[in-house]
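This document starts with one chain, in the form predicted on its own, laid out as structure tokens.
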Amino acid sequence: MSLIAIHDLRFTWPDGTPALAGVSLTVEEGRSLGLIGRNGAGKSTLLLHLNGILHGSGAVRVQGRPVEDWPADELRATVGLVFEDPEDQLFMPTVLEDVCFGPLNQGLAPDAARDRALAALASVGAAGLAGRAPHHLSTGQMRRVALATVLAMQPRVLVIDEPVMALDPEGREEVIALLAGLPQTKIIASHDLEMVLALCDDVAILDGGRVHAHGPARELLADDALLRAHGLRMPASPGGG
């Protein structure tokens, strides 16, 4: 049984704009899947279906169970979503309060939630930020804290939208190394194909709301004709990262 199974997923925005046109994908436990494609391909929309923020037609199953059958808080603790813009994820007065928010809503006692939040911050190299105001952080610091808010809930799956966008080269390398060391099953949407090659076992190419190719990352990211047909370019470095 696949950890994540998507079958014929379709979604149209309220204004009539189609976003997903029959997506079918599976992700196995312990694997990392990169979602790649041009702007408007449907990557972010697909991610928002994986923990119940959006609901289209078709089927999305987590651990064999349809997402609509999960209690929302339990699903979002199992499939942790890190948004493209970390400011969408951070809303409390301090970093520590932001990272405690999820564990507290899981029913942890305040001391236990604090311990888990501090451990999550330490795991992303952000222990020294606990008392800071999130809106005073750099983009790289905010990305680390946003990831910590999800890790504090100890999810089984990490779903991450553009994790290295707008980072300088040093910050990008640090985030790639951080993600590489995390044990969770990962689904990562990104335009950074070198990062995808460094982090992902498999790749799915989305275009026009459909999956046009799904297979081993090294194989698909070496197919220049395939990538160019969908508005993409081969990674410059065969080793990625």
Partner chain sequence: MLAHDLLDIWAHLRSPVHRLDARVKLVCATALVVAILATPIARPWLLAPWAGVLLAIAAASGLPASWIAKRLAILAPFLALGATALVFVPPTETADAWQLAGIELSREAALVWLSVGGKCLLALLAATLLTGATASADLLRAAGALGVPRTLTALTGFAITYLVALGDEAGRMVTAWRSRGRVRGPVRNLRVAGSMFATLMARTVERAERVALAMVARGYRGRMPVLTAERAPVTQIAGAAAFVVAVAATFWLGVHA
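Positions refer to the first chain, counted from 1. The structure displayed is predicted, hence computed values, not measured ones.
What comes next is about the form predicted in complex with its partner chain, which is not displayed.
- The single contact residue among 129, 167, 158, 153, judged by any heavy atom lying within 4.5 Å of its partner chain in the predicted bound form, is 153.
- Out of the listed residues 190, 185, 51, 45, 51 is the one that sits within 4.5 Å of its partner chain in the predicted bound form by at least one heavy atom.
- Taken together, 101, 110 and 136 are fully in contact with its partner chain in the predicted bound form: each brings a heavy atom within 4.5 Å.
- In the predicted bound form, its partner chain stays beyond 4.5 Å of every heavy atom belonging to residue 71.
- Contact check for residue 89: a heavy atom falls within 4.5 Å of its partner chain in the predicted bound form.
- Put simply, residue 105 is close to its partner chain in the predicted bound form: some heavy atom of it is within 4.5 Å.
- Its partner chain is not drawn, but in the predicted bound form it has no heavy atom within 4.5 Å of residue 120.
- Checking 36-44, 174-182, 212-220, 51-59 against its partner chain in the predicted bound form, the stretch whose residues place heavy atoms within 4.5 Å of it is 51-59.
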